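Given as structure tokens, the chain that follows is alone and in the form predicted on its own.
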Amino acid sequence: MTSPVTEPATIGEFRAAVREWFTHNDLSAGPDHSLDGQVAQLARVRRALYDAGWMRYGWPAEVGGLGGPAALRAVLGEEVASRDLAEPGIYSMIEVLAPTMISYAPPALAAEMVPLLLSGAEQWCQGFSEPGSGSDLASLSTRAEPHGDDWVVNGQKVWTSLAQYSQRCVLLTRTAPGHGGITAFFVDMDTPGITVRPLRTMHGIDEFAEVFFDDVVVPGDRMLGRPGDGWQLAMDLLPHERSTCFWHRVAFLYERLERLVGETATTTATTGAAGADDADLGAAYLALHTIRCRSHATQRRLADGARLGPETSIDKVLLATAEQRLFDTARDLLPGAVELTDPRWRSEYLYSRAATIYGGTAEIQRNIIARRLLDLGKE
């Protein structure tokens, strides 16, 4: 495999070099679209991009990176998503978990572990949500109690993406009451006392799991930050989830829109219903273009050192709206494809139903916008 440019002077040059590399290195996914196949493909893509150097750009040298702005990571993920080389949701998990380790883990631990994630040698998961404590993260009840130099964890997590494939988990626990009583740990998933049970969702893929912790011993040096830093750690995830991860998702949705346009052209030639089809496709494009512009502005603010806050709830609402509109349009313009004939359109349509739920429900996001941005009060 060819090597990357040594010092990409601009983001445009980086993008051009990445595209040139992809023309000579075929990482296309195989026919296996099962979750096992997606995870295997993800590891393959990460390994190839890491070995060639691309996956190391945008990350600090302290964790094996080659430096440069985080926007380089966004560009790389966009190129991966637009080529349909890896499912963007699981590809983008790296953008939440690696920055967390860099910011909160002891430097030696981050230096040891982050390259394993970047290179595809390991998969990690995020143990945040609990039964009854999804969008209301502050009400979590999984407890960690001190035991000598160690901590003993008991409780349950749910909707934990890829837990059954993961070697590590960034875990939030309660060590005291209130927001200041939430503490984070970096937990090895093969520790005795951890049980993982995959959850079958309506789109037929066991992406999520429930995870049980029964007297799980976690070494004290695996704490991320200090006792009580867990709530701030969770809040610091937001800029990464709502910027680079969203950028990847938007690129994926644009690729799906292009596929829909191509498949619709055949139907239009047969039915002559171009006017209605064009209007529907235009509305889907407008929704995607709106979130892309918004996401671009968010990326620029983050690159300029701005601290992101409740305004990113707007990004979340726009993304969920665009995703559902796109797949609603696919259902309407490809009669029977979602319901009967095309497993990929069906799976992706069903997954889009959760766009207004995962990462904070649409109701919660609108409430944040109303109360914290528009100052409409609590009622």
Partner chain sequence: MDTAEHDLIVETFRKAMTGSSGAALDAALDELGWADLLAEEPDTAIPVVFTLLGETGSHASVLNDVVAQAGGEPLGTTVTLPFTGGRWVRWERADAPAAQPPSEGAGDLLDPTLPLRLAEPGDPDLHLAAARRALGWWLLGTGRAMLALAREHALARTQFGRPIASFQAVRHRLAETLVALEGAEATLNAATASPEPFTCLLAKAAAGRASLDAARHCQQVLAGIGFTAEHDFHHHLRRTLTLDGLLGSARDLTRQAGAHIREQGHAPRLINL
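None of these values were measured; they are calculated from a predicted model. Positions refer to the first chain, counted from 1.
Not pictured, yet referred to below: the form predicted in complex with its partner chain.
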Within 4.5 Å of its partner chain in the model of the complex, do 11, 261 and 296 each have at least one heavy atom? yes
Given that the partner is absent here, does residue 20 sit within 4.5 Å of its partner chain in the model of the complex, heavy atoms only? no
Contact between residue 139 and its partner chain in the model of the complex at 4.5 Å, heavy atoms? no
Would residue 237 count as a contact of its partner chain in the model of the complex, using a 4.5 angstroms cut-off between non-hydrogen atoms? no
Report yes if any heavy atom of residue 278 sits within 4.5 Å of a heavy atom of its partner chain in the model of the complex; otherwise report no. yes
Within 4.5 Å of its partner chain in the model of the complex, heavy atom basis, the matching stretch of 168-176, 142-150, 283-291, 221-229 is 283-291
Heavy atom within 4.5 Å of its partner chain in the model of the complex, from candidates 78, 122, 210, 206, belongs to 78
Its partner chain in the model of the complex has a heavy atom of only one listed residue within 4.5 Å, and of 104, 247, 128, 91 that residue is 247
What residues, if any, in 309-323 have a non-hydrogen atom within 4.5 angstroms of its partner chain in the model of the complex? 314, 317, 318
